[in-house]
Ligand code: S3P
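Next up is one chain by itself, shown in C-alpha cells, the form predicted alone.
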Amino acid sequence: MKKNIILCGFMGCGKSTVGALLAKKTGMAFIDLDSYIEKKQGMTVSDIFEKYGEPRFREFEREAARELSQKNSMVIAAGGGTLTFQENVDTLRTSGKIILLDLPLDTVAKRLENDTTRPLLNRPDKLEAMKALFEKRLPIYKSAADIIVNGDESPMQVCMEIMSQI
C-alpha cells in the first residue's frame, strides 16, 4: 500500500501542476483538494466564499481532508490555506508525507498577476494582501512539512526532486 503525498504551499506555487505530473510519474491518483470541494458542493471556491463565507469553506475543507486521508496511493494538492489549520495537518499527515513547494514571493506574485480566481486576493490592494498572507503562512507551511523542496524550478524538476526525497 502506497501512502499519500500531500503537496502544500502558497497559492500559485504549482501544487496542481506538479501534483498531476507526480501522480503520472508514480502511478498514483491525483486529486486537487479545492476541485474535490467544488465537485462535492456543486460550486466554485469563489462562489462558496461569496455565498457562505470563509468559515463555511474551511468546514468543507476539513471534511474533504478527513475523507481524502482515508484513501491511499494519492497525490493530494492541498489548498493554500488547508495546512494553516493544525487539525488538517494532523489529519492529512496520518495518510502520508507533507511536501512544501517553497518559492519566493516575487515568483508567486508574477504567477498570480492576472489571476482573478483567488477569493482572498480579489481586492484592490492585491499585492499587499498577498505579501501579508504569504509572510503569515510560510512559517506555518514549514512547520507542517515533512519535506521542503524548491518550487522555483520547472514542474518536472520539482517532481523529480520530490521523487528523490520520498
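What you see is a predicted model, and the numbers here were worked out from it, not measured in a lab. Note that residue numbering follows the sequence shown and begins at 1.
In what follows, reference is made to the form predicted together with shikimate-3-phosphate, a form of this protein that is not presented.
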property: Proximity to shikimate-3-phosphate in the predicted bound form (heavy atom, within 4.5 Å), stretch among 114 to 122, 22 to 30, 62 to 70, 96 to 104; result: 114 to 122
property: Residue 52, heavy atom within 4.5 angstroms of shikimate-3-phosphate in the predicted bound form; result: no
property: shikimate-3-phosphate contact in the predicted bound form: residue 126, any heavy atom under 4.5 Å; result: no
property: Any non-hydrogen atom of residue 45 within 4.5 angstroms of shikimate-3-phosphate in the predicted bound form; result: yes
property: Contact label in the predicted bound form: residue 58 to shikimate-3-phosphate, heavy atom within 4.5 Å; result: yes
property: Stretch 130 to 166 - residues with a heavy atom within 4.5 Å of shikimate-3-phosphate in the predicted bound form; result: 137
